[in-house]
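Shown here is one chain on its own, the form predicted alone, set out as structure tokens.
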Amino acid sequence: MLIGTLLVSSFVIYSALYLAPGNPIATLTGGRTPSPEAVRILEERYHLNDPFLVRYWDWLTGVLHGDFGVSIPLRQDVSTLIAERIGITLGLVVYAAIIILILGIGAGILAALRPGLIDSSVIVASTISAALPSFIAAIVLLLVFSVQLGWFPAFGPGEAGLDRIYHLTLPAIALALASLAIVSRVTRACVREELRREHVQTATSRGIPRHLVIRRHVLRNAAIPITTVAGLTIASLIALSAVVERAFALNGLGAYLIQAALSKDFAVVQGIALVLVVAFVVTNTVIDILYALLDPRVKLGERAS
């Protein structure tokens, strides 16, 4: 199933860009009018006259060997261009995912177990953050914490290690805010529902400590729906990262995908799009595996109802 999904995705990506308007020869020559001999040489070098299926097969077999083709405007290997930027996007998405899992699930559990002021505060905060698109959140965070307070850098990914984490903090928060709100609300609803179940109330009435009931019954039963929503929202960060990367001038895959699309660098667009799709599919596969680990009754590949 995984391999079939990736094959279909690769075909759709290649087909869409194959049909896209634009002339590769014009890109290669910078808009100048080349001689017929120059056109023939360029067509042979970049296999522009090969049939569609032949070009797709050559591209796919190259991808399987780590060769994503050559960027026509830059005359560089696409795999090299991707490798230079993938670490930033990966770090950003992982950082945002950690924020979502820790704060989103934690806030949801706290709201479910503490009705009143805490519950109301979590609901209000999640409503506000869910209503903020990533690019608006990025602008607000930049203005407050970078320009006015000067606590965090405004642009750039920083160097490796702690400096990279420092530079990615605001972008990760901007990327995580909307998803964090969704996860916290779903967690709150699931935990509340489990607390109302008869077997939980029976266990509590029998004198079993409340924290054991919550850990053994409530959180365990609520884990699958929470995992579903958390996994899907984290997978969506892969696509949303482009907006945040542009706002904070992070030279990651998302920002470079937009730049390549604007410059009609189709080889780069194909390569990055395929990498992002693979990351999304792999993330969903990991979610399926987690289902089977959390509940043996769920078969691999099925989703919890």
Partner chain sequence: MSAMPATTPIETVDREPSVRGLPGLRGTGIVGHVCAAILALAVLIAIVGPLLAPYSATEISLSNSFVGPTGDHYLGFTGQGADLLSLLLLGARSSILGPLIVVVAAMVLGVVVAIISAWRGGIVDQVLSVIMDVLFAFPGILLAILAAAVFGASLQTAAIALAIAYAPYIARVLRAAAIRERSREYIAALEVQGFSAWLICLRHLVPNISGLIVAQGTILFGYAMVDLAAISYIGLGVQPPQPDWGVMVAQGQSGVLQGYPAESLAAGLCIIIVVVAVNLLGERLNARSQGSAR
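Remember, predicted model here, so these are calculated numbers, not experimental data. Positions refer to the first chain, counted from 1.
The next section is about a form of this same protein that is not shown, the form predicted together with the partner chain.
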(message) Based on heavy atom distances of 4.5 Å or less, which listed stretch (68-76, 88-96, 226-234, 161-169) is in contact with the partner chain in the model of the complex?
(response) 226-234
(request) Verify the contact flag for L250: yes if a non-hydrogen atom of it lies within 4.5 Å of a non-hydrogen atom of the partner chain in the model of the complex, no if not. (result) no
(message) Would you classify V243 as touching the partner chain in the model of the complex, given a 4.5 Å non-hydrogen atom cut-off?
(response) yes
(request) Check whether V277 has any heavy atom within 4.5 Å of a heavy atom of the partner chain in the model of the complex, and answer yes or no. (result) yes
(message) If we define contact as a non-hydrogen atom of the residue within 4.5 angstroms of the partner, is V286 a contact of the partner chain in the model of the complex?
(response) no
(request) Residue by residue through 155-182, tell me which have a non-hydrogen atom within 4.5 angstroms of the partner chain in the model of the complex. (result) F155, A178, I182
